[in-house]
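A single chain comes next, written as structure tokens; it is the form predicted on its own.
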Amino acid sequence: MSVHISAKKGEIADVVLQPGDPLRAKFMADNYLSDVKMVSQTRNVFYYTGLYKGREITVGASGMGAPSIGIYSYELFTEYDVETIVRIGTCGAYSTESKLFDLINVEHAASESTYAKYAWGMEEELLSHEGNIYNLINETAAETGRAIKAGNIHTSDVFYRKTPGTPAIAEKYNCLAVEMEAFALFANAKYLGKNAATLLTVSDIIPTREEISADQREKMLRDMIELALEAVIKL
């Protein structure tokens, strides 16, 4: 048991899929896992452990933003001996070259966030995925005929901005889209020597203001969920 997760030692698998939304974690547990058990509901942030094609997997929410995923991923890595975390989330595309429901496998996360600097003394503003799960996701997408983009994204600490348009850091690193968590997850994994990837579904097209609904974000991201599950059972 950790400060923010009430599961007992041994109730969390060595692989965790981490959506931002607790209800998306519940949807995944209800629809994809067998022999499933809720192992934590502290703060209504649900964690479930069960089997997918015989592989034990935990699904649980990260909440929103670098501080939140920073807490949950750190406790999973250090208190529960988790080796691999795959964030499965949504993002806003910076250009109309991306379409709603496109999948992005994040190569690097660029950020103005001070999370990595003050947590681990990392001065970089661009951090990479860690371990082999990134490559497994790309390989699994090819094997299952799923279209996927691999590239950089922007991890922002803010959702609403005074100045519209693409921030300078996103232009500097040719970021396809913006989200709020990958940079902190990658920082924790790098510092702790763990594996981490981020797989995203485009939920918004920022220039045109197209977006999917809150209900669709919870229940209609099956391509991303199934790709992540099929990739992690190869670990």
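Since we're looking at a predicted model, the values are computed, not measured. One rule holds for the numbers: they count along the sequence shown, beginning at 1.
Just so it is clear, the following notes concern the form predicted in complex with ligand HPA, a form of the same protein that is not shown.
J.: In the predicted bound form, which of the listed residues (C175, A187, I57, M180) lies with a heavy atom within 4.5 Å of ligand HPA?
T.: Contact residue from the list: M180.
J.: Could you check which residue among C91, L127, I88, I137 gets a heavy atom within 4.5 Å of ligand HPA in the predicted bound form?
T.: If I apply the 4.5 Å criterion carefully, the residue I get is C91.
J.: Is the gap between N195 and ligand HPA in the predicted bound form 4.5 Å or less for some heavy atom pair?
T.: No, N195 stays farther than 4.5 Å from ligand HPA in the predicted bound form.
J.: So, Y118 and ligand HPA: in the predicted bound form, are they within 4.5 Å at any heavy atom pair?
T.: So Y118 does not count as contacting ligand HPA.
J.: Using the partner position in the predicted bound form, report whether S203 sits within 4.5 Å of ligand HPA, counting heavy atoms only.
T.: Yes - in the predicted bound form, heavy atoms of S203 and ligand HPA come within 4.5 Å of each other.
J.: Where, among 187 to 195, 37 to 45, 166 to 174, 203 to 211, do residues come within 4.5 Å of ligand HPA in the predicted bound form by heavy atom distance?
T.: One stretch meets the cut-off, namely 203 to 211.
J.: Mind listing which residues of 145 to 162 have a heavy atom within 4.5 Å of ligand HPA in the predicted bound form?
T.: Result: F159 alone.
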